[in-house]
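Take a look at this one chain, the form predicted on its own, written out in structure tokens.
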């Protein structure tokens, strides 16, 4: 288990590849984007994650990590590619299937394949049959699922310290995968079967989604009753067995906003609470859009500064971001002049680039121009603002910070 090939160099694949290279493994990172390959091979990174830039630069200089458009022969193949949703919230595992197909010419006897991508229940077994259809003469090939369970902004620490759940398609695959993770994980490495490992990750994110939905629903109820929801949650959480999360403009990211649908898809007649929570969190985004539109009607020529585009604080990740959806919808409906403020990106994403009434500005200039300010993401840059900046402006605070 000396050489590792990591397929997918995104928010999980690149930190994983760099960490393993730093642990002494020879690592080849594979991605279909030539710009990403060039960036990494120059010792740089294309995503925002604390300390990752230094780590990647170090292991590239040492020759322990290189990036490539094609896989190479290796002992272990780790697949960390996206698993998005199709229309009607149906799971799309085509990226996983393509990644597996890409590595099959490089497989040899005794190889271990690990699926770290979040996947619907039964996918690991499906991939096992998929591999057997392509490769019949090479045995054994070991296959396991070990879902990542890290927090963006703290990935490098949690990749090592968090417990990991490993589930193989058979006992030998589980043992081999567990042995690999025990080489660098300081937390517990817990063995189970592949289907259990798959649903554990989905359960974790569905639990979070349900709790956030409760907070978001309470925020709308409190608005209706003219009550401060932040004070309500603060006081309710004084109870020793109550821990209500904070509401926001919705739920984003490639985990919590996606994974519950995998469970709903697998058991549509049973996953009633999980589905309802998803709908509540989606509706909260629409609720915030309506709040902003109503506030804009009170202003002649509204100029709306929307603070934050990422899906959570202090990162650059825009995937499934409710803030991004809010800004896009306001611009499409031409609810005044829209100013986006996002300190973690240098330019607007493609889906916002062509909107004439939307521009990306820094915080100071945005406050100079805006008469309606909407706090969508609780970045540190927005927390300790000079309160004089907020005077004479209509304020909508979805984070309870100001």
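Computed from a prediction, not measured in an experiment: that's the story for all the values here. Positions refer to the first chain, counted from 1.
A second form of this protein, the form predicted together with a small molecule, is not displayed here; the remarks below concern that form.
Checked against the small molecule in the model of the complex, the residues 212, 81, 326, 143 give one hit for a heavy atom within 4.5 Å, which is 212. This chain lacks the partner; the member of 195, 164, 275, 312 within 4.5 angstroms of the small molecule in the model of the complex by a non-hydrogen atom is 312.
Not displayed here, the small molecule is approached by residue 251 to within 4.5 Å at the level of heavy atoms in the model of the complex. Although the partner is absent here, residue 173 lies well away from the small molecule in the model of the complex, with no heavy atom inside 4.5 Å. Although the partner is absent here, residue 127 is not a contact residue: none of its heavy atoms lies within 4.5 angstroms of the small molecule in the model of the complex. Though the partner is left out of this view, residue 168 does not reach within 4.5 Å of the small molecule in the model of the complex, counting heavy atoms only. Proximity to the small molecule in the model of the complex holds for all of 148, 201 and 259, with the criterion being a heavy atom within 4.5 Å.
Stretch 150-158 is the answer when you ask which of 150-158, 299-307, 135-143, 91-99 has residues with heavy atoms within 4.5 Å of the small molecule in the model of the complex.
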